[in-house]
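What follows is a single chain, given as structure tokens, in the form predicted alone.
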């Protein structure tokens, strides 16, 4: 007996799955991963001190970003060859691209100082106004001091000993040039309170004071990162976190029931096939074409002192002077305005989803229910709503996620008088330039969205899903 031949493998579903998989990876999984990394990892928060002023030297200790330090000395490490008077060049030292970008040229100059004494020392090249070289393309050999009086130092470095002071416009001889990256010898304390000493590049440090015997500074940024819960703890301790969370949850509790009730009524009206229901569909869909910021501005203009609401009430003689609705003292009016704006803006999204679900309800079910004497409420409760559960799941998940992200409407209507979670994420990123804290708030919004989505999927299930 000949065994049955196996059919060809249908590869079409796999080719159809590939674009959606790539879309999820590029626009969901990868941004979410980067957000989590920012929320739990601080880059540039640890500065490694080294035994010698070179990148490959052993680490003597670690100091945290913003820590106060004492600068014991400095050394200019060449990252390009000294350009001598003869114009000869040596091979540049390999200190990396970052070191090269932080390098600066210094001139070895000679001349007479302010006390008319001969000197020789180093100054940054920016201090000198160079004269034309003797030969085209040749090295600079002379120049004059720019602007105010300048310190001349024994070697390249901002805190090297001063050997002379030169007045403005003093003519000097340029005896040599050296392009260096400045390294500081640093003394500071670790997280455990231990005092450590080592070398670090100047690009990671900020000098505070150079007067007196002791030069101080602080760690501007580090050269390595660490995994930490510090940003999460800081978010929970932020004084705006609790008000933002409460306001966000309050808006969800107020907006969602109103939106779903209105959307359901609008969907039933469209399904009733009344004359002109197509016009209703167009009218109901108008807010879909408006951005949330534009909606916020529109409703802000309604509630201002010279806005539509006050003008209407004054025109009807109900009030004699304009009422201030949007102020810090009347937060309940702010919340009411945001709720009205969000209901007007996003109810159409829910309506479209419910309408698509209603179109999938068999007419025979509704006719049978009506034949057995079911009222409209009974048909809605026992026929329509059970069959709409898949559509309601999608609508609830979508609207709740969008409600957690509400931002433009709140910003336009309330400004700084009211805050939500998305507003705090924006504030930390734009105003405070702290992407780690912004990522912590964004990750928290993502977590709340996932929890509510799982809750909806588990609580609103069809009979088939409940039996599985």
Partner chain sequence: MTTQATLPPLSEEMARLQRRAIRRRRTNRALTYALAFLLVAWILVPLLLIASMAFSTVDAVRAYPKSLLPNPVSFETMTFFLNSQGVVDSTVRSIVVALLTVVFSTLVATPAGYAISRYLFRGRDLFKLSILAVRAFPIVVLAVPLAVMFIQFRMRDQLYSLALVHTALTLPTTILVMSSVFASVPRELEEAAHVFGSSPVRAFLQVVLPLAAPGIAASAIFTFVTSWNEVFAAVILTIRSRTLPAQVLTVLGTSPLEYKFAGAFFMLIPSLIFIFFIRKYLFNMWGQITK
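Positions refer to the first chain, counted from 1. Since we're looking at a predicted model, the values are computed, not measured. We call the rigid core the largest set of C-alpha positions that still match within 1.5 Å between the two forms.
The form predicted together with the partner chain is left out here; the points below concern that form.
- Although the partner is absent from the chain shown here, 32, 289 and 352 each have a heavy atom within 4.5 Å of the partner chain in the predicted bound form.
- Across the options 143-151, 168-176, 115-123, 352-360, residues that bring heavy atoms within 4.5 Å of the partner chain in the predicted bound form belong to 352-360.
- The shortest heavy atom separation between residue 266 and the partner chain in the predicted bound form is within 4.5 Å.
- When the partner chain is considered in the predicted bound form, residue 459 lies well away from it, no heavy atom lying within 4.5 Å.
- Contact check for residue 69: every heavy atom lies farther than 4.5 Å from the partner chain in the predicted bound form.
- At a distance threshold of 4.5 angstroms between non-hydrogen atoms, residue 405 is in contact with the partner chain in the predicted bound form.
- Just one of 260, 236, 218, 308 comes within 4.5 Å of the partner chain in the predicted bound form, counting any heavy atom, and that one is 308.
- Proximity to the partner chain in the predicted bound form, defined as a heavy atom within 4.5 Å, holds among 139, 225, 73, 322 only for 322.
- Shown without its partner, the chain has 422, 425, 426, 429, 430, 435, 438, 439 in segment 422-441 as residues with a non-hydrogen atom within 4.5 angstroms of the partner chain in the predicted bound form.
- With the core held fixed between the shown form and the other one, residue 26 has its Cα displaced by at least 2 Å.
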